[in-house]
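Coming up is one lone chain in structure tokens, specifically the form predicted alone.
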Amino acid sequence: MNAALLIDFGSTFTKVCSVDLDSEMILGTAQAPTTVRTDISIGLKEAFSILKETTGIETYTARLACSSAAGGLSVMASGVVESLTLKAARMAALGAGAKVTRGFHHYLTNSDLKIIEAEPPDIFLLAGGTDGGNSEIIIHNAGKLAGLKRAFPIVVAGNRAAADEVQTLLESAGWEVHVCPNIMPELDRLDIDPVNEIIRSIFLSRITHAKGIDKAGEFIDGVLMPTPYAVLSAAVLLADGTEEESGAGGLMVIDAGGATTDVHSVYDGYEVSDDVILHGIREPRIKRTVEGDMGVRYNASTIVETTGKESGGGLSGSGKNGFFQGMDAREIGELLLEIGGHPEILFGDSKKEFDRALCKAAVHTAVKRHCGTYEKHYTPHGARYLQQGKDFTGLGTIIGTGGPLVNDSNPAETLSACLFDGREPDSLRPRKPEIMIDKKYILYAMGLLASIDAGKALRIMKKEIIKISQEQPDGNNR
């Protein structure tokens, strides 16, 4: 049989997916706890064994993998202005499938350097200055980084007038340096694709070994990309289609996970009316955000606390708008302790309502942070709205994926928490999208498959990603 084995080494679970390439059918999926702290191949073997029982297949013509295990791909970034070059650097790193652990703006300080040495990233993205603009800061920051004792690759993507001096300074100190075009050559223009490519290249050549993925080498042909980039690639393919086949149009993918909740979107969001004024950096059509404090297992306590503060209900989030409204605070505390000791735990029926509340709160917060905002101002010519970020109110499709949503008995209800809410009219979240679910959790797999056959990956997604709600009403979605 002409079949492909597609693997995701996740932070909590290792997932596998078997695909018949001739019939373009999903033959089976399986998962097992990720064992990156010991030998990552152990979890893979267990997942593969479960899959084999389902499919009967042992030999595959293609075996591709992605990974977010052991924290995924960590990037620190620096820029000149927090809302401009640093924000651009963050978007570039996130678009490559990385997790931005720290961001620094203006001059790096000694305190910043201590943080970098104490928590060294896999890659440092050094940006700053438009072309022909400020050179002093990026040169100063390069000098500071050159004196560090902990080594990691540095990607330089700032003012082109300073690039040669920065490269020479770092390389003469023994650093591995990759120079890219400026991520913000002009104040109103971004160029992040070259940075994406370099970061993924470094991931392939170095990071997979550092994370221990090479221990599973006998089972796979290679790790092609970070898991978030695989999901984003699938989203872009499904939205835009191929030359031969049309896509679904603008969409958003909400990937709820144990360690983070990621939001991927393929949408313009800048069709403004005469009474709207755009403010700040114009975000790219393809966008990804990562909420490292919204993982429904590793950050469960933070989700409850954040929701409680936002709703005015304290720890339990029992305020009138809280997702945990009506739940006993003591029971919530006991469940959080249980999750803290065993993040891989899957709750039974009696506790699933708490899991759903966790996921709803995470989805709500993650999408709210991903979407733009309106701020109303009064002028001599009447009311005007200042728009920051993208307007998703007209978005046509939302797709839920990730374990907490895939295993939810009512994912439509859970995903409704991310929709436009009349009580938060300044948040430009989707109003009435078609809601779909990646029930077999195949988006990562289709992102991998697209690297060898985009047409097959697109057609499989169209068959397997199912509609669960035609539309949702405005108003109270909690």
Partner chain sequence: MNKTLVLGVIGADVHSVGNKILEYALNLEGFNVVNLGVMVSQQEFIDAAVETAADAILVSSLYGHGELDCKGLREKCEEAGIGNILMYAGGNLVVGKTPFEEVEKRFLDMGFDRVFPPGTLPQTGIDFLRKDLGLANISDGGGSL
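Residue numbers count along the first chain shown, from 1. Keep in mind it's a predicted model, so treat the numbers as computed, not measured.
Unshown form predicted together with the partner chain; subsequent notes refer to it.
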query: Each of R150, G174 and S205 near the partner chain in the predicted complex, meaning some heavy atom within 4.5 Å?
result: no
field: in the predicted complex, the one of S74, N134, T302, Q167 near the partner chain [non-hydrogen atom within 4.5 angstroms]
entry: N134
- prompt: From the list M327, L113, L336, L84, which entry has a heavy atom within 4.5 Å of the partner chain in the predicted complex?
  reply: L84
query: Heavy atoms within 4.5 Å of the partner chain in the predicted complex: does G280 have any?
result: yes
task: Report whether the minimum heavy atom distance between L395 and the partner chain in the predicted complex is within 4.5 Å.
output: no
message: Is A259 part of the interface with the partner chain in the predicted complex - any heavy atom within 4.5 Å?
response: no
query: So in the predicted complex, does V272 come within 4.5 Å of the partner chain, heavy atom to heavy atom?
result: no
Stretch in contact in the predicted complex with the partner chain, which is absent here, among 356-364, 74-82, 286-294, 141-149 (heavy atoms within 4.5 Å): 74-82
- request: Check each residue of 101-140 against the partner chain in the predicted complex and list those with a heavy atom within 4.5 Å, in sequence order.
  value: H106, G128, G129, T130, G132, G133, N134
